[in-house]
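Single chain ahead, written as structure tokens, the form predicted alone.
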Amino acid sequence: MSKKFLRVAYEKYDVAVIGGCAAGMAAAINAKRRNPKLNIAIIEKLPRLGKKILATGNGRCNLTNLNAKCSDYKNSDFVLHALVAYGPDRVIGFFESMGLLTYNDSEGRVYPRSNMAASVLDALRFEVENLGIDVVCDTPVENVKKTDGGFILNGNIKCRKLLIATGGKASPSQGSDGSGYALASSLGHTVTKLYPSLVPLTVNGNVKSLKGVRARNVTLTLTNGKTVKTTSGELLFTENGISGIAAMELASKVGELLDDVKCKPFTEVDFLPDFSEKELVDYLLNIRKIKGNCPVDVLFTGVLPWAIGVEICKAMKLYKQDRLISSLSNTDVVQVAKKAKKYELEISGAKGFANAQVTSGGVSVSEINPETMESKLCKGLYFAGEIIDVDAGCGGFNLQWAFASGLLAGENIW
């Protein structure tokens, strides 16, 4: 299904799609279904379409989320039309039309019934082939020229309409190296500052003793003197920082804060958000009563991993070898409860794009028509997916945007 171009003549298309991943394939399929006479090509620099899809959802491809709403996204006003036109139910229906069945978990995350990301990619690839859409792999698009009749790519591919769906800079090993931004800029578009998102954070201070320890259902509050963003979910300690959903969803904001050299961002960890401070104090006072002859290091073992409880006690200078829980005063209990509800970590940075799942930033939404995904600056040019300055948290929200914006672009591009 892949083809190569001879450099001696132009290859002409009605629509060329740069980028053969989620948004690009969805757009091409929707355009061809609506107008079967269109001559469409997907141009991909890697040897095969959709490599990044295989890495999503831990290899299961969390392809949308039933709870996705505009407020989940950066530039929420801009995403409104796409999410109304192609919400989660329509994305699921799109895949059902290709024979792919799905299921959802209690958090609204939607997966293929096979639990394999390859099933999602196969559904898209086979439909591309079935519709007769040309696929041109191993072909990086290095330049685009606007002409009166459309566009010329790499000096030898002509098209009337052009969609750029190259993704961002996150996970360059999967094909997203940021090359689409240069193409957008060459056609007059503004690209906002780019930050790695959904990526682990690094901290100042030694957290090696907690490496590999997980805390479920924590709340993190990113601050720089005032609250910047709050997230919830799992927290995982790494050798030099923190990961897990709760931490990774702070990453893009951390990047923005660290642009200010005077700023020292902190995250306040509430290890037990289901407890009020008073409820936690009462719980610990009861632990003192029923486990008073036990060492202090087991004070929190009924509600937290042992290692985290020890670190909280150490932070309050309550941890000494052989010290018993019964020796803790009421004041000690109150102070250690406060620390469990507000454990501070100074954030030194975020891991780079190589480790990121998503790019925050991209082509300015002010330059794109949200009802069609067409450029306001360059007639016949469209955008879809991660290349646009839209991103969200974990849970299928970013793939929902990729499919919704791609399907909307495909509806309008012909």
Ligand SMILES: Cc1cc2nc3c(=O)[nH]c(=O)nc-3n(C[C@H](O)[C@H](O)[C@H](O)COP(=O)(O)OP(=O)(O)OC[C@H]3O[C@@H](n4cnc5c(N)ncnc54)[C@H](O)[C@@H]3O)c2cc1C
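Throughout, we count residues from 1 along the sequence that is shown. Treat the numbers as computed from the prediction; the structure is a model and nothing was measured.
Below, we turn to the form predicted in complex with the named molecule, even though it does not appear here.
At the 4.5 Å threshold, heavy atoms of residue 361 stay clear of the named molecule in the predicted complex, well away from it. The named molecule in the predicted complex comes within 4.5 Å of a heavy atom belonging to residue 356.
The shortest heavy atom separation between residue 66 and the named molecule in the predicted complex exceeds 4.5 Å.
Among residues of the shown chain, residue 384 is one whose heavy atoms approach the named molecule to within 4.5 Å in the predicted complex. Annotation: in the predicted complex, residues 141, 177 and 399 each come within 4.5 Å of the named molecule through at least one heavy atom. With the partner omitted from this view, the residue of 378, 345, 46, 365 that lies near the named molecule in the predicted complex is 46 [heavy atom within 4.5 Å].
Looking at 322 to 330, 132 to 140, 283 to 291, 90 to 98, the stretch with residues near the named molecule in the predicted complex, meaning non-hydrogen atoms within 4.5 angstroms, turns out to be 132 to 140. Although the named molecule is not shown here, in the predicted complex the stretch 17 to 43 places heavy atoms of 18, 19, 20, 21, 22, 23, 24, 43 within 4.5 Å of it, in sequence order.
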